[in-house]
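One chain is shown next in structure tokens, namely the form predicted alone.
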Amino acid sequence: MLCAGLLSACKPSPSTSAPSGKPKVALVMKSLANEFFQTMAEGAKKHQAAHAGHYELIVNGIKNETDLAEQVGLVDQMVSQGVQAIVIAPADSKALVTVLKRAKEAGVLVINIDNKLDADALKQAGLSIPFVGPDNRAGAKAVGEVLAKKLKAGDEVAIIEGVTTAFNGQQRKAGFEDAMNAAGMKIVASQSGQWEMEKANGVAAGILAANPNVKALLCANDNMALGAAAAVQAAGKAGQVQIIGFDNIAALKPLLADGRVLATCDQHGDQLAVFGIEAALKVLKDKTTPADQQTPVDVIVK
């Protein structure tokens, strides 16, 4: 019920004319069923409320993280509503490039946050879109190194990936691999949980059944870590299989506190959209060329 309410509240509002000199910024996110993006939306709304005289904000997101057609439609809607800037966390690193090219050709500034657009796809489209966000590979490697200290060389581990066509999912997988390979662990499985708790639960259960000696599950987001923790509990392996995640959502905190999850990585979701919005406002105000901006990530343990 909570997610449905949020989805309804965050659908685009009817077009209104922004006062002269007051730009209209659209935040287009991935699934609002994911607590991370709920947090991102709330952070953006608080920022706009504190700067209400400077810009208008339209917040929206899709029903699930693989609903690419809906996100493409949202971008087109934002252009038709006459926004000056779109700050987007793309559900897919390649599939959104075409619609974002249309937006730029319509004179809309585009800022990419959270999940980086594919460099080759941008090049082929003749596009330059700045990325404002964290180094996902470095963050995943750092939380993986915390896990490595709890294991010994040769231990079997498995990775539960995000959406495989998402750049941030690819980078987090690579970061986990960096840490595990450096520590001499044996990666026996790597499968996608599609960023979702229920899907990751099934993937984790299958991995545990097929690989009874697995000592850790490295999950590319916290939603999937929650699903993996439930699978570990159901398999009667609580305390025997370490779990790490990525995002530091509130729902994970009890599991960090009691040890069901060892660590996660905080990319400051409540500020991630704000970083993108502030970058957009600066470009609109100063008429400068937008540039990439790296945002912080921090390892969180009990």
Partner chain sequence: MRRWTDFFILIAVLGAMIVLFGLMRDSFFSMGTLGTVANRIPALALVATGMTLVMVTGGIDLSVGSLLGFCGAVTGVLMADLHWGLVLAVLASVAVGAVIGSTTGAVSVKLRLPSFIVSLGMLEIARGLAFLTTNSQTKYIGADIEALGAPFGGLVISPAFVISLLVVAAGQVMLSQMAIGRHLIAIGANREAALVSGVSVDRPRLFAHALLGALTGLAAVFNCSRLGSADPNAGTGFELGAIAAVVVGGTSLMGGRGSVVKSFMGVLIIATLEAGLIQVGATEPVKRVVTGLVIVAAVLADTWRRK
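Residue numbers count along the first chain shown, from 1. Quick caveat: nothing in here was measured; it's all calculated off a predicted structure.
The next section is about a form of this same protein that is not shown, the form predicted in complex with the partner chain.
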Practice item. May I ask whether 58, 77 and 132 each come within 4.5 Å of the partner chain in the predicted bound form, counting any non-hydrogen atom? Key: no
Practice item. Within 4.5 Å of the partner chain in the predicted bound form, counting heavy atoms only, one of 135-143, 203-211, 111-119, 176-184 shows up; tell me which. Key: 203-211
Review point. Should residue 32 be counted as a contact of the partner chain in the predicted bound form, where contact means heavy atoms within 4.5 Å?
Key: yes
Check your understanding: Does the partner chain get within 4.5 angstroms of any non-hydrogen atom of residue 197 in the predicted bound form?
Key -> yes
Exercise for review: Although the partner chain is absent from this view, report whether residue 192 comes within 4.5 Å of it in the predicted bound form, heavy atoms only.
Suggested key: yes
Check your understanding: Is residue 254 a contact residue for the partner chain in the predicted bound form, using a 4.5 Å heavy atom cut-off?
Key -> yes
Review point. Just one of 62, 249, 44, 262 has a heavy atom within 4.5 Å of the partner chain in the predicted bound form. Which one?
Key: 249
Revision key, fill the gap. Residue within 4.5 Å of the partner chain in the predicted bound form by heavy atom, from 151, 230, 106, 127, is 230
